[in-house]
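Only one chain is given next, in structure tokens, and it is the form predicted on its own.
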Amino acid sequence: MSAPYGPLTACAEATANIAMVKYWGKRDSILNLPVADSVALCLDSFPTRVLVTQAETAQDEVIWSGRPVQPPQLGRFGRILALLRERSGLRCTTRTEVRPQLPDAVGLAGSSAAFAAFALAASAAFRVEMSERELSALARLGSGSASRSVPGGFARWHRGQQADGSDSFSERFASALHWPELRLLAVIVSRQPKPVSSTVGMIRTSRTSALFPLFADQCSRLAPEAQAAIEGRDFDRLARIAELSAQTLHGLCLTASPPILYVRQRTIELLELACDLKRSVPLFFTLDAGPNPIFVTLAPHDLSVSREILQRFPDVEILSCGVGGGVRVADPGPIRSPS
């Protein structure tokens, strides 16, 4: 995967992915190696575009949504650049522009899209050819969930066993065309950054919650079940797995010391609405580390579900998506609004 636009210049884009079986907890925090497998689906809308060019400065710089990224977050990009410099033999510095369409730090996995796109753009800029598996492992160094945005579609992130992370990568087990009726409605309750980052939350729960080993065991059991449910297009089975994984994650966070509470009152009200609606339409919810729930349904029910949400909660914003994605080369020009 490479696409030169000039000397040390490349652009790529990727979309976020939403986990049906959650990733929470690392067996290695430097390499972002998970304690268990996870399963996710990649979105078909709201891509993040990343442009990497050669810099004239002495240090690498990253501009995210128009603002410079500062240490220690800058180090997440540095891990990837260090590996590419080693493989390419090039030592020049870079300027990276990250242009997301999703809100940052609100529990919608925005970093997964950013680092998947960065991995491809940076490797292309440094002229390092990589397989999809290698690119997934490279993106993982910046953000663990980014590994799942590389293949797109329905992806499973393998925990792996090797200490160096060589066997921890994501692969697509079903394409977006496998289940085109599946629709996701991300309900934006708040665009404010969450008070506890996912990285900090993972560390706190793994170190202080007595229930963390049980959660990791549950993820290991649920991942193959979720894959089988998706492969069989079994909506009800996937609903039970996804809701259980989300509920357990947020329950686990409450057992940390000090407790972590990502949901808000409006989140709870929306989950109650989801429970009401699924009595009459195929629907389930999931919830990443943030206050914004995601309703999963089947077309054409997404239209009626959206109307019901807005009727009850006219102040929320709904982002409607299907399954798609997969990191790809992009034109470095302006981002086009999704249709």
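Quick note: we count residues from 1 along the sequence shown, nothing fancier. This structure is a prediction, so every number in the text was calculated from the model and none was measured.
The next section is about a form of this same protein that is not shown, the form predicted together with a small molecule.
Trainee: Just checking whether Lys278 would be counted as a contact of the small molecule in the model of the complex - the rule being heavy atoms within 4.5 angstroms.
Mentor: Heavy-atom contact with the small molecule at 4.5 Å: absent for Lys278.
Trainee: I'd like to know if Ala19 sits close to the small molecule in the model of the complex, meaning any non-hydrogen atom pair within 4.5 angstroms.
Mentor: Yes, Ala19 is a contact residue.
Trainee: Can you check whether Ala289 is within 4.5 Å of the small molecule in the model of the complex, heavy atom basis?
Mentor: Residue-level check for Ala289: yes, a contact with the small molecule.
Trainee: Please determine whether Ala122 contacts the small molecule in the model of the complex, using a 4.5 Å cut-off between heavy atoms.
Mentor: Residue-level check for Ala122: no, no contact with the small molecule.
Trainee: Could you check which residue among Ser175, Ser166, Thr199, Gln247 gets a heavy atom within 4.5 Å of the small molecule in the model of the complex?
Mentor: So the residue touching the small molecule in the model of the complex, by this definition, is Thr199.
Trainee: Can you say which of 136-144, 220-228, 265-273, 204-212 gets within 4.5 Å of the small molecule in the model of the complex, counting heavy atoms only?
Mentor: This holds for exactly one stretch, 136-144.
Trainee: Each of Tyr23, Asn32 and Arg76 within 4.5 Å of the small molecule in the model of the complex, by any heavy atom, yes or no?
Mentor: All of them do, each having a heavy atom within 4.5 Å of the partner.
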